[in-house]
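As structure tokens, one chain now follows by itself in the form predicted alone.
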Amino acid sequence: MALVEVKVPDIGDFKDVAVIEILVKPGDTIKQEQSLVTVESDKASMEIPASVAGVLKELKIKIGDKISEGSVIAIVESSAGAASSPPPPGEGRVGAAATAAPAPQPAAPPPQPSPGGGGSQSGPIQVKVPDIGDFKDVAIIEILVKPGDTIKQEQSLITVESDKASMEIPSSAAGVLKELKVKVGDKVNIGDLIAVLDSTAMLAATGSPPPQPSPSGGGLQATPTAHAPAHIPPTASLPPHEPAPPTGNLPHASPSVRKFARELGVPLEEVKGTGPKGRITQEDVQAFTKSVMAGEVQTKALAAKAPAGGGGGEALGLLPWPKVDFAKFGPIERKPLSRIKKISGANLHRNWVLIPHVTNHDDADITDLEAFRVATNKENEKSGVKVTMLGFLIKACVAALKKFPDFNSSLDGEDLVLKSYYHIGFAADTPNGLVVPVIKDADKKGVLAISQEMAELAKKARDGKLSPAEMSGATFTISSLGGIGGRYFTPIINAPEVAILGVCRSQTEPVWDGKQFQPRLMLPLSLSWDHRVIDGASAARFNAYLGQILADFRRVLL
């Protein structure tokens, strides 16, 4: 084991950048390329990773310190003693892939102006990604301009982000933006075409020739604005490290924190930062997530989509919700909604308002299937697995979904996404309300396996131990009232699914067989479907086919 000094690698032209966040502490076991500190200039932020793996013995910096290339960050006890030697050429940048090094190598050749653009020429100018160091396939997370905008030379056009750093890509020339060649989510590399500018339109509008393109071709080497993180507006004048006011730009957080928030689905613009200068930390994201899960706060998006029962209807052009002093009519008791009801209620409200529901009611003859179910349970008493009618229903629904694939789809804008997997959700009653666990890949499981998994998920639901993964990914849902009672009802579709099956208590009825009435066990079915995707004829055929399968389960094998 050897003590190794971890130093700031080549971070381009950055000098005296402030340490705003320390991501580790003495005693931690550090992996190679693990981020140790976050630094920030007035225009960019990046994370500095460890050059070796080992145990962190000592930190040599603190928040507020300013560091440059070669500054010692920490002492690490590592078995790779040779790692303390200077890195070979091409490896002195931040991380093995230089993911935290937005500045280019000084020796990098500048991109040449595209034909018809650059210099004092007029006409279309192609703006390409300049030398951004060793970045490869970096994702575009923000578009800062739109066609028709008048662009200044070195004005930021897009924001890109890797796991370790974020930066804005500037324009190599001035002109009027005629066309954007990229969109949010695209991945770009050096030389990729970003946009096309019209310098002629610029000349006509201003009466003066556009500025010359920068010698570096619009690179980041000598242009501080090119390193600007997305939380700083391109034209705003802000003091160093200060987050911008809410203007639609990215929040004041490091790339790793933003990635962490995206994985959890947390809207960073709603998280209050407790770090230096209001910076959002990973702990802030975790605290916000816990508050949402506990029902203590609600995201703005969820609140806007589905106001609570006491909310108004003004947004839909309706009369305001009536405000009544119920106590003046008699004794009352106020009881807060459970967390599950708050969340599910908001989703149900959205689904009912936005989806044009239609419900088909039908009956299925399950006389023979029920007899088979009872016999199966007697044969398997020792196994401890009890087969329920819902287990057969799930298997029957999979067969119907395969025959009518539109029911196993989702709307995505103007496209219909047809799924080749069959994940069936089922409503489970708990003391705090209904939740919907999901049987994944139900087409690949038998009724016994489905019944056992249902029992396990239902128990976890009652105990409040279901994970988000166990309640996500459903392609179709069954809401069964089981033996509670009722005849038919209108189940609300669970978006983004396009259909849901409601089932009530079966009962014996006289059914005419062509010669006489026979006692048959009939199961009421209520199929709600999204009229934007499914029509009445398809729904009727789906219900009829499902009834045929339940009447003779051998059809599942066909």
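Values in this document were obtained by computation on a predicted structure and should not be read as measured data. Don't overthink the numbering: it's just position in the shown sequence, from 1.
Beyond what is shown, the protein has a form predicted together with a small molecule; the following relates to that form.
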The small molecule contact in the predicted bound form: residue 32, any heavy atom under 4.5 Å: no
4.5 angstroms heavy atom contact with the small molecule in the predicted bound form for residue 332: no
Residue contact check: residue 67 to the small molecule in the predicted bound form, 4.5 Å heavy atom: no
Proximity of residue 533 to the small molecule in the predicted bound form, heavy atoms at 4.5 Å: no
The small molecule in the predicted bound form: contacted by all of 395, 539 and 558, heavy atom 4.5 Å: no
The small molecule in the predicted bound form: contacting segment from 257-265, 454-462, 395-403, 165-173, heavy atom within 4.5 Å: 454-462
Heavy atom within 4.5 Å of the small molecule in the predicted bound form - the one residue of 59, 495, 53, 504 that qualifies: 504
Residue (of 270, 283, 429, 443) lying close to the small molecule in the predicted bound form, criterion heavy atoms within 4.5 Å: 429
